[in-house]
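The chain below stands alone, shown as structure tokens; this is the form predicted on its own.
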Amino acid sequence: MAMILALAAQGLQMAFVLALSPLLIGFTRKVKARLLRRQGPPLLQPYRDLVRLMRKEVILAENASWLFRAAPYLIFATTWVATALTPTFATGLAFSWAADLIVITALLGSARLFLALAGMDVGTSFGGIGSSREIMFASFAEPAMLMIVFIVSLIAGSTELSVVANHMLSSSELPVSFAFALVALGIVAIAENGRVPVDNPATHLELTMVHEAMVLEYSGRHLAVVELAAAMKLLLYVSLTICIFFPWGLAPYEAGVGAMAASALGYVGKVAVAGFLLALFEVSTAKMRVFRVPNFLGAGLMLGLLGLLLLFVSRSL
């Protein structure tokens, strides 16, 4: 019976992140529009877009291979697993042993690889440009992410997210390196999700496109799956930030249904705050030139390195 309840709680978290991720996109768009004194689209517009795309016919390029057709499902599967493993409203769930920062980084890297290969598969210039830019940005973002993983694991003594969250809850003093890791994770999250100032998901200009260029040839249910995976990726980075740096309110698995429901409401509130801050940052910042993005990501990498060095120096004193 305990095993069934544990699996049910894990399945609930998987469904929870799947259902919540389009709402985060809709909320961010709505807040951005309100900050710009516009009405903006309805909160549920991303759900309507996904349903509309699912009903449309899939049109494939003549030279599209099996990889182009399979890539959306591979991207969706790897992203969904990574998002579902990250603790949202409870710790110690059935698969918490697999909720490891290195595993999640590897899953996101796999999804990026499938997306870049799909962008190059049909041989269009837009797809090639988007894939080359994506790989160039990844060469800076992944080392920065690994620096963050090193800092967090050295402080908490583990790369398992439930252990990291419990360490944060029990620790009364945190090193300054944690602040460096938080800023670096924010920079990586903005770049990995193609948000302003790195990319603008609302435009289709050749000079600025990264993510949109890679998925330009997709249509119908393939595009719906890719867009849903992108929404889950944004929610994943928000969940990672909450779990590592703001885990207060997370319920342990043994706490019961009532505590988990209260924790889920608290999690939704934290996600709303993160969405508001993201929208505020985007309307306050201009899109930067593509060739300046490595400098932006380089700042995240340097912050990670500084945090790691500071951690070693403080421990040796």
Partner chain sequence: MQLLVLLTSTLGLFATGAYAVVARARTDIGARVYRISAALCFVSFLTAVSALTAEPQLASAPLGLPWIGMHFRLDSLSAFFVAIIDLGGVAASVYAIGYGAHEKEPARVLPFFCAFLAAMNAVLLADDAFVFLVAWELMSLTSWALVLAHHEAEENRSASFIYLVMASFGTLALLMAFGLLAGSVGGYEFSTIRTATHAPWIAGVALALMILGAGSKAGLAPLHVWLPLAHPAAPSHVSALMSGVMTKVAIYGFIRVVFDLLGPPAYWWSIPLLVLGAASAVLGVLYLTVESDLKKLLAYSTIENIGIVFVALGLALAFKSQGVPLVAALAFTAALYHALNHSLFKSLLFFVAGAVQGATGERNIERLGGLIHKMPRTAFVALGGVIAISALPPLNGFVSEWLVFQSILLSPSLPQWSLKLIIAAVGGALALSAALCAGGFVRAYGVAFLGRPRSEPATAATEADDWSLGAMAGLLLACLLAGLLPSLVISVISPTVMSVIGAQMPTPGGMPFLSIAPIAESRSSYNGVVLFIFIVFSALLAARVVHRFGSHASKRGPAWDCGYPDPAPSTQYTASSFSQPIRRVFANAVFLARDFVDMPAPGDTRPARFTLNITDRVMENIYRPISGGVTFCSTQLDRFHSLPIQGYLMLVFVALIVLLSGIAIWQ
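Positions refer to the first chain, counted from 1. Remember, it's a predicted structure, so these values are computed and weren't measured experimentally.
What comes next is about the form predicted in complex with its partner chain, which does not appear here.
The stretch from 242-250, 165-173, 141-149, 178-186 that comes within 4.5 Å of its partner chain in the predicted bound form, counting heavy atoms only, is 141-149. The closest heavy atom approach of L5 to its partner chain in the predicted bound form falls outside 4.5 Å. A residue is said to contact a partner when one of its heavy atoms sits within 4.5 Å of a partner heavy atom; I190 fails this definition for its partner chain in the predicted bound form, lying far away. At least one heavy atom of E217 is located within 4.5 Å of its partner chain in the predicted bound form. The closest non-hydrogen atom of A229 lies beyond 4.5 Å of its partner chain in the predicted bound form. Contact check for A262, A274 and T285: none of the three has a heavy atom within 4.5 Å of its partner chain in the predicted bound form.
If you take 100-134 and check each residue for a heavy atom within 4.5 Å of its partner chain in the predicted bound form, you get D100, I102, V103, A106, L107, G109, S110, L113, F114, A116, L117, M120, D121, V122, G123, T124, S125, F126, G128, I129, S131, S132, in sequence order.
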